[in-house]
Structure formats: structure tokens, C-alpha cells
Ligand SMILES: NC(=O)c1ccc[n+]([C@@H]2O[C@H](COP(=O)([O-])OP(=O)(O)OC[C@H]3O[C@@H](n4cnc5c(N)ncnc54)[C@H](OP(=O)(O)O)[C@@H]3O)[C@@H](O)[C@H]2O)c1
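The chain below stands alone and is given in C-alpha cells; this is the form predicted on its own.
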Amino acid sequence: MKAVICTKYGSPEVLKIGDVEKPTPKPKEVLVKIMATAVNSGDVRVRGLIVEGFMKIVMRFVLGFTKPRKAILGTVFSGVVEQIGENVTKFKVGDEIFGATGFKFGTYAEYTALNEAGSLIVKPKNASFEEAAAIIFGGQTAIYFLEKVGIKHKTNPKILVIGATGAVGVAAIQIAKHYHADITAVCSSNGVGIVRDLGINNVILYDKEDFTKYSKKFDIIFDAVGKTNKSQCLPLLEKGGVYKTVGGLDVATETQEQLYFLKELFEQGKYSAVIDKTFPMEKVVEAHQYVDTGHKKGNVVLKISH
């Protein structure tokens, strides 16, 4: 089968298309023909080992010293169950599914074999494969962090979303809307159309004004890109307010429950897949180059099969 191989840490050019052995599903595993995946910030960080200070050493221990031990990157997917291993009860051949593989990686490939108990479920019935792949990374990350700050238990909380047009930001806006939050978005002038399309009227353009000088105070401040710290944002917090960033040491975990929640919202028309660009697998270097610019809005999708 064809797969994208990360030959070493570095720029997008370290990614090469090659032939690898097609996996065979073990007991309790399903073989998935991958239709689409996404190029997200996590993939880019791993490929380039883009972390600060001592974390570089930690990441080399975790991922591999000179190159990733798991040479096929990619952590989200949508696809079709092509074969099932012994004792699989949750899925059947032909099921259209989506999910996340976490540190197992492996979705930049035509096939992957996954345990049926992992973070994978039948995809939303009204979602294309590209849409299904696009809602996972940002959606699961946003759910994880917003649940950490207790958004479920707050009544009409005032929330500031920093980095509102990235994959996590557009997801956070939509999930916060589900919980009837009063949302203010921080983005650039180039991204204002996207947040307006998501129904947000309160927008601070960081290239036009310093959002830390904003007059309003918030119950929740969520930095969806990891570019701020708590001391910067402290003047904007209500008494008892909570600050959370994706830039800390807390790493979002992926669960089936999160996927079921995203699926339900998508099928009800309460969640949209925001896709900036779609690339074929053969153009994976160009896809990574585009994400590296930092100008991505929403998600960049990689089509694996047709």
C-alpha cells in the first residue's frame, strides 16, 4: 500500500511517498481503507520536532531520537471498514467510520488496522469523508479543554476564544454555542469572515487592536493556539474566571464519547466542518508547507483514496 513516510525530523520535504506492507487485522481489530485525513498542528510539530527547550529532549524520548519511530504520521481519519478480525462485534465490512489514532499515528496511509474499542465510531451520516476527517482534531481538543473549565455547568458563560479561526478555535466556537455561551472571538482581519459565518458578532481583530486592553471581562478565556499566558489575560478575567491554553503541558485525550458528541451535533446541523484547502496524498509536502505558514483557517484535509 502507499503511505507517507516521515524519513527524519525537518521541513515538509522530509515526507516521502513509499510502499509499505498492508496491515492484517488481528483479533478485535478492523482494517480501515482510509479515505481522508487532516494535516493539523500536531502533525507539523511532530514532523519538525517543533517544541521549545527541554521538551525537545522529552519528545525525542517519546517519539524517536533522529526520526519518528512511527514513520507514518497522521492522527485522524475517515474511511471504510474493509475487513474485520476475529471477535469483532462493533463493526461490519462496509461501515463508514471516523476517528483518531493518537500516538499510534498511521493515518497518512491507504490502510490502517485499529482496535474496535479505540476512538472510532460510525461517521455522521450526512458528512462527506473530507468533512468527517476535518471535525475530529479540533473538535476533540476543544471538547477536552472546554470540559476542563466546566463549560457544561456554567449558565450563559462569557467566553473569549483566542485563535478563533484555527482548527481548535472554530471547533471551540461551535461547542461553546451549544452551551449557550456569550462568545467573543480573537482573530486577524483575514479570518473575520469565518467567525461571522459561525454566527459570532463580537470579534476583536488582533492586527488592529490589543485584545488584552479590551473593556469586557470573561468567565472563560480559551487560547486555542497557545500564543498567550495567564498573566497577559488576567485583566480580562472575571473574579473566579478560568484561563486555559492548548500551549501548556496538558495534552487533550481522545474518547469515543467526544466522537459521539461531534457526530450528534453534525447530524443536527449544529456543527460545520471548516475546510480551508484539500490536497491529494501525493501533495502532502505542499499541504504541510501551507500549514507551516500559520495562515490556515480551520482544517487542511488530505485525500487518501478516491
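Numbering starts at 1 and follows the sequence shown. Keep in mind the model is a prediction, meaning the values are calculated, not measured.
The same protein also has a form predicted together with the ligand, omitted here; what follows describes it.
Listed residue that, although the ligand is not shown, lies within 4.5 Å of it in the predicted bound form (heavy atoms), from A252, I275, L49, L265: Contact with the ligand in the predicted bound form is made by A252 alone.
Out of A36, V246, L259, V30, which one falls within 4.5 Å of the ligand in the predicted bound form, going by heavy atoms? Partner contact (heavy atom, 4.5 Å) among the options: V246.
Would you point out which of 87-95, 138-146, 110-118, 70-78 contains residues with a non-hydrogen atom within 4.5 Å of the ligand in the predicted bound form? That would be stretch 138-146.
Is H295 part of the interface with the ligand in the predicted bound form - any heavy atom within 4.5 Å? Output for H295 is yes: heavy atoms within 4.5 Å of the ligand.
Check K270 for me: does it contact the ligand in the predicted bound form (non-hydrogen atoms, 4.5 angstroms)? No.
Taking the shortest heavy atom distance, is K154 within 4.5 Å of the ligand in the predicted bound form? Because no heavy atom of K154 falls inside 4.5 Å of the ligand in the predicted bound form, the answer is no.
Is there a heavy atom of R45 no more than 4.5 Å from a heavy atom of the ligand in the predicted bound form? So R45 counts as contacting the ligand.
With the partner absent here, would T165, S188 and Y206 each sit within 4.5 Å of the ligand in the predicted bound form, counting heavy atoms only? Verified in the predicted bound form; spot residues all in contact, yes.
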